[in-house]
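To begin, one chain is listed below as structure tokens, in the form predicted on its own.
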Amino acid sequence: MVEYARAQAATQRLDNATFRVMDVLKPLTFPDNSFDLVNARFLVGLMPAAAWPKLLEECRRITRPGGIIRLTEFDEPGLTNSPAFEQWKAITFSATRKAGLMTAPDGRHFGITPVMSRLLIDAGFEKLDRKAHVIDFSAWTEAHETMYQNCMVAFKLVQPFIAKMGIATQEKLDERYQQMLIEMMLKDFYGLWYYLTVWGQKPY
């Protein structure tokens, strides 16, 4: 991803863009008050529930006074009329719950969007605001092909994690995966993906 980002920056002649790899579960190697904007998105699939406060504490440290932190997260990778897609989500959330990642009390989705504002407030940010987004990736829409490709990659990459958690056998995962891809290509496939952006300001 970093090499891809560097290539994109070079293509667009963004000479002031740099990219570094760090572990968000450890202290970030940036000085205090480094950034006007700290933007983080789609971390919920890798962040242990207990690690969010420490991460946001680090984000507050590296944001300058008056600077902005912006979080964008989702609770599930889409609502669809595909039985295989919905079954795959259930399997995935069983694995994330078992691994200690953020999960709703009933285990049916991540449960991150309702608590994002509270997390920012607890981290010391103020003047919060939010904006909801939706992508229609039904079969006839412009977003369908891109979302199909995203799902094809993401649901393949998550398989070793699910198998490691002992939620399903590789045979069952392969079967559900192939069926999901088939159902996503049907002419009557419907899908909506909702996500939320919440942002706040570090006090002066």
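When you see a residue number, it is the position in the sequence shown, counting from 1. Here the structure is a predicted model, which means the values were calculated and not measured.
As for the form predicted in complex with a small molecule, it is not shown, yet the points below apply to it.
Taking the partner from elsewhere, residue 140 is found to have every heavy atom lying beyond 4.5 Å of the small molecule in the predicted complex. In the predicted complex, residue 37 stays away from the small molecule, with no heavy atom inside 4.5 Å. Heavy atoms of residue 25 reach within 4.5 Å of the small molecule in the predicted complex, making it an interface residue. Mapping the unseen interface onto this chain, residue 41 counts among the residues with a heavy atom inside 4.5 Å of the small molecule in the predicted complex. Listed stretches are 55-63, 42-50, 169-177, 143-151; the contact stretch with the small molecule in the predicted complex is 42-50, by a heavy atom cutoff of 4.5 Å.
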